[in-house]
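As a starting point, one isolated chain is supplied in structure tokens, in the form predicted on its own.
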């Protein structure tokens, strides 16, 4: 039975040829190539022209690998074995075309993979070098601009104390407003540069989240009122009053989101919410949300709006550098979070993120808090030094 299967699946891939020492084909089983008895082997393919020179060697067996043979219309990749006999030599031609084709495909895929990996490494190195150059240029350029800008602002303040007519006063107000906008843009650029270069470090301190919330509520109710917008606030009662984190960076993230909401909302309302997710031990997960009733953001723009210097092309496009959301994205990444967005065109948007913060296990009496600051005084910090932070 096995001999039957061997002939069925194996013999058709192997051809046996017997050739005498005069290079004449004595017999061939014609399995692979049509080789006629009585013809010269060297005339069938150039490879066989070198066979006669091997007959003078003392070796009895010769093996050749990955030989491409094309005889008449048949083209194969073969391994060839030549065995010397008394009256001639036996040629065994083994068809391994599938094997070599598969091996070549694997080798080619591997080479392509190696090349792609190398190209990716080179590209990443190039991008890193560009990023370093960009950050260095931005920082140096921004610092160079800061000195003349400070001088212009100082002169503007001095001019404001002098006698000016109505027209001059308007021009001075315009100048001061322009200086203020330029100063804010420089701060944004420096923040982006610091985040990109990895030089921005978080300052983890204990502070009153409730006071920070009230500060934002007061500030943005005033701003919203100037645009005839409603401003709503919601602070979950389960949110701890004191948390440990970088108050300045959290404040910066929220103000960027709120400024954007007010900037692009022409009617309706804006809402700021801090929602309790869960807590365990001395850690709490909070969700911060800023929602608006602006024109909304198309799905295809969800990723691009968080890139530097990017703004949507809308009819109500507001002035700005396009850095606010990029700063939000970078700062949240430093804090181990990610900005997320839900938006419906024509209805509005909701920007939100989750933060994991630590909080003291003991509640502080209100009289121990410094009303002038949202940070905990040094005497209170000493009290909580034994807490399991």
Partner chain sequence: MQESKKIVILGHFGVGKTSLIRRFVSNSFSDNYKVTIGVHITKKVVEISVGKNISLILWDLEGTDDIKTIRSSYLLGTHGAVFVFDVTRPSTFQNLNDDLKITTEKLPDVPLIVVGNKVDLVDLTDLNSILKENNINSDFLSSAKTGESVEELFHKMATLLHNHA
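Every value quoted in this text rests on a predicted model; they were computed, and no experiment measured them. Definition used throughout: the rigid core is the maximal C-alpha set that superposes within 1.5 Å between two forms. Numbering follows the first chain given and starts at 1.
Another form, the form predicted together with the partner chain, is not on view; read the next lines as being about it.
Undergrad: Only one of these stretches, 293 to 301, 87 to 95, 253 to 261, 102 to 110, has heavy atoms within 4.5 Å of the partner chain in the predicted bound form; which one is it?
TA: Heavy atoms within 4.5 Å of the partner chain in the predicted bound form occur in 102 to 110.
Undergrad: According to a 4.5 angstroms non-hydrogen atom cut-off, is residue 357 in contact with the partner chain in the predicted bound form?
TA: It does not: once the partner chain is placed as it appears in the predicted bound form, residue 357 has no heavy atom within 4.5 Å of it.
Undergrad: Wondering, does residue 346 line up within 4.5 Å of the partner chain in the predicted bound form on heavy atoms?
TA: No, residue 346 is distant from the partner.
Undergrad: Indicate whether residue 67 is a 4.5 Å heavy atom neighbour of the partner chain in the predicted bound form.
TA: It does: once the partner chain is placed as it appears in the predicted bound form, residue 67 has a heavy atom within 4.5 Å of it.
Undergrad: Is residue 63 part of the interface with the partner chain in the predicted bound form - any heavy atom within 4.5 Å?
TA: Yes, residue 63 is a contact residue.
Undergrad: By the heavy atom within 4.5 Å rule, which residue out of 149, 248, 115, 83 makes contact with the partner chain in the predicted bound form?
TA: Contact with the partner chain in the predicted bound form is made by 115 alone.
Undergrad: Which pick from 51, 335, 339, 350 sits with a heavy atom within 4.5 Å of the partner chain in the predicted bound form?
TA: Exactly one residue meets the criterion: 51.
Undergrad: Using a superposition on the rigid core, decide whether the Cα position of residue 42 changes by 2 angstroms or more between this form and the one not shown.
TA: For residue 42, whose C-alpha is compared between this form and the one not shown after core superposition, the shift is 2 Å or more.
Undergrad: Align both forms on the core first, then report whether residue 69 has a C-alpha shift of 2 Å or more between this form and the one not shown.
TA: It does shift by 2 Å or more.
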